[in-house]
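Read the single chain below, which is given as structure tokens and is the form predicted on its own.
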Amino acid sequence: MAAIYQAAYRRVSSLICRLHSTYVRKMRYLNELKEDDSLCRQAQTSGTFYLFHNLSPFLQKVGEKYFVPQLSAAEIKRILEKFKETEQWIEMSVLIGCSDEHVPRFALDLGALEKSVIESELKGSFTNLQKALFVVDGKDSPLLASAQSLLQWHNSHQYCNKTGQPTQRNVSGSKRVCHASGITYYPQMSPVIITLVSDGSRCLLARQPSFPQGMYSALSGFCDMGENVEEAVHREVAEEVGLEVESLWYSSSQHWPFPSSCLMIACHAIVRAQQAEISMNKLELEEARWFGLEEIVEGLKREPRSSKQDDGSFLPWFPPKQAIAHQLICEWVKQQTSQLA
């Protein structure tokens, strides 16, 4: 009997913890804002706003550090008044999250207004997102990435694919509806695998023509329709460097807004050392080669600006710590180091 009471007590305690969990309450509040237009409209008056201009986020620089200011509704209204615009602009914002204290966070693009006036008024600048993600604090990067992706999705989904009629968004920006066809559109992400290939003692990194000079990264590619992650890893490695994957395992994932909203699925893959001769696909890659542990450790210390040599060539350097490729490389280094210990 005592065991029954203890089990019941544990279940009740677990339920109470879940009901009072900050995270659970926050997620349920966000869901209410997405589903209830009037509640979301009310939240816009007390929430904070991340500003964008034609999909470039607004940053402020203090010393050598960049910050992403969160503006109040009153500050947004003050800017709009400078342009003699109404506060209805605020309803074009999209919900991107909320704090643990239930302060909603929105993103608003003021691309139709004069950029220099806003920058002068707020003492900051609108910055290319790719650069912004690598200079702001790590906690702000995911919010900027998801905000830009959602704003971009609304820009490109203003008409129904079936009827050609305009679609209408809800207040939070979590969906668009074509009232002529009854179709509801939701934001979507494209799955992309990113794979660090190893032969046991070396790892393989490559360059695409679009990469900054000297930068090498892990192999990546979009998943094909109907393909699972394992199949995508095997195919991409075979296509890009002509190697057969023997085994693989999942590492982690990351939202990445380039070229559009993508879900980066990071994996490690092993190929046989006896069959590790690279046969590079020159249509997709500019260079691919094997790196030893010592060269990888040195490359992780190197910054882009310090990679250029006197003869004009570049020493290898790797994606910064905010990129999931950096995490894969660091995991490989840790694994190799532990094997040598």
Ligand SMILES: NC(=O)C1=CN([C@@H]2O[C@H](COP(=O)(O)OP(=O)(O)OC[C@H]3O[C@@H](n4cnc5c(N)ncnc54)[C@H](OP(=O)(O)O)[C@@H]3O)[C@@H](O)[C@H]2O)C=CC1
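Note that the structure is a prediction, hence the values are computed from the model and not measured. The first residue of the sequence shown is number 1, and the count goes up from there.
Just so you know, the form predicted in complex with the named molecule exists too; it's not on screen, but the next bit is about it.
Looking at the partner-bound form in the model of the complex, is residue 236 within 4.5 Å of the named molecule by any heavy atom? Within the cut-off, so yes.
Considering non-hydrogen atoms and a 4.5 Å limit, does the named molecule approach residue 161 in the model of the complex? Residue 161 lies outside the contact set for the named molecule.
Any non-hydrogen atom of residue 209 within 4.5 angstroms of the named molecule in the model of the complex: Residue 209: no, not in contact with the named molecule in the model of the complex.
Even though the named molecule is not shown here, does residue 150 get within 4.5 Å of it in the model of the complex, heavy atoms only? No, residue 150 is distant from the partner.
Please name which of the stretches 115-123, 86-94, 251-259, 142-150 has residues with heavy atoms lying within 4.5 Å of the named molecule in the model of the complex. Answer to the contact question: 251-259.
Of the options 133, 194, 269, 205, which one has a non-hydrogen atom that comes within 4.5 Å of the named molecule in the model of the complex? In short, 194.
Please tell me which of 284, 37, 287, 295 lies within 4.5 Å of the named molecule in the model of the complex, judged by heavy atoms. Selected option: 284.
Among 217, 264 and 323, does every residue place a heavy atom within 4.5 Å of the named molecule in the model of the complex? Yes, the whole candidate spot contacts the named molecule.
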